[in-house]
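Quick heads-up: it's one chain on its own, the form predicted alone, in structure tokens.
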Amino acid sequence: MAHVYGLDAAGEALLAGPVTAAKAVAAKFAAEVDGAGRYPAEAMAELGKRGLWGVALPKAVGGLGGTPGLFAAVVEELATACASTAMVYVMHVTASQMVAASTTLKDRDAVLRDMASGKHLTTLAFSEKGSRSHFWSPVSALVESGGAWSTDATKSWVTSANQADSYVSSAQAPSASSPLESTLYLCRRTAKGVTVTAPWTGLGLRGNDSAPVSLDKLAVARGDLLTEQGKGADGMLQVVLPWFAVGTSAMALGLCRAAIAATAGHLSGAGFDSGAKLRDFPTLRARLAHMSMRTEAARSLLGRTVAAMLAPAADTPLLVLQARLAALDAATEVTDLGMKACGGAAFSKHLGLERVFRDARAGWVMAPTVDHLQEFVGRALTGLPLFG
């Protein structure tokens, strides 16, 4: 049967080999990563060793040249094992696509080669203390100084904050008349003025090392720019948002699949002294059936979306937004149903359901939030601009 994300034979082989190996490492350490709230170093190293950091980068720089569909398939598999690993990976691949799309970054291809070979981890640093989840509207600004620029910013919740080699960051362009007149630039984590200011102690995705980052008089050279001045919103909406939406949708659906597997296993294996199994109760079977239906419906929409991204049409941006909305909504409902179906056993850690339940909630508040997505879809359907 054809893969829902349209994989070819090479993609299927990648899933069966390198991705399965990396998934096994992620699964081995998932409980420890969650319990200790530590970065999933082992799984990320395995992904880098197997060339998966460059899954969607051009083959000319050592990447695999994969499609959005392949990216979705890889992320979904990782998320069934460890959502923290999947989140770190999504941010890296998304940010690397912005680097690949840049026509202004100095030594771009050298940076991409390091990313593809597992030597350079990158991430996004958009949301700010003053703009909160309105990632498209930075408060910080580039201030011109002698042919270069500097900026001060408090970036909120940067995934892999202590581990990434670079951040794809945003600021208002010099003399911008609106926050939408932004510029994207590549910030090195070790640059002077860059400070990770707090640890990450979240409810879910506890291993994704998401923390606030302070930029104090950070120097931004012309060769650091990822877009032309004032063109940052184009990069955010045309490159970053589609890849981020696909990745986070796939992560949410991987969590759905993990919840279904855990629930089905428990209903089939647990029972009573009489010999009856939990699966013998129609109400519990109905919950499991609904979990599967919601998941497969959202997977189908994501499959349609990644296919559309290969030949974009007028409705492709709407599909991107709808796919993420459907996946995030499915994840919260499916994991909730799993908890209810498995009862008290779900509240212990041996099923893994409570971790999946917590991890699924992160997507609901991650920009663009579900509230934003509903607003964007509604505006698009009624002919209004996304921002107004």
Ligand SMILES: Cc1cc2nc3c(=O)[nH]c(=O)nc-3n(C[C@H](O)[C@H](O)[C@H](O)COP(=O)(O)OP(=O)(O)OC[C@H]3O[C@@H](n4cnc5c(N)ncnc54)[C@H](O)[C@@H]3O)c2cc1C
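Predicted, not measured: the structure shown is a model, and the values here were computed from it. All residue numbers refer to positions in the sequence shown, first residue = 1.
FYI, the form predicted in complex with the ligand isn't displayed, but the following is about it.
- prompt: Should L124 be counted as a contact of the ligand in the model of the complex, where contact means heavy atoms within 4.5 Å?
  reply: Yes, L124 is a contact residue.
message: Does any part of S210 reach within 4.5 Å of the ligand in the model of the complex? Heavy atoms only, please.
response: Yes.
message: Contact with the ligand in the model of the complex for H134, defined as at least one heavy atom pair within 4.5 Å: yes or no?
response: Yes.
message: Is it the case that R379, even though its partner is missing from this view, gets within 4.5 Å of the ligand in the model of the complex, heavy atoms only?
response: Close contact is absent here: in the model of the complex, R379 is far from the ligand, nothing within 4.5 Å, heavy atoms only.
- prompt: Which listed residue (A164, V93, L205, A258) meets the criterion of a heavy atom within 4.5 Å of the ligand in the model of the complex?
  reply: Exactly one residue meets the criterion: L205.
message: Using a 4.5 Å heavy atom cut-off, which residue among A362, L47, V55, A341 comes into contact with the ligand in the model of the complex?
response: Among A362, L47, V55, A341, a heavy atom within 4.5 Å of the ligand in the model of the complex occurs only for A362.
task: Determine which one of 154-162, 186-194, 69-77, 230-238 lies within 4.5 Å of the ligand in the model of the complex, judging by heavy atom distances; exactly one does.
output: Stretch with heavy atoms near the partner: 154-162.
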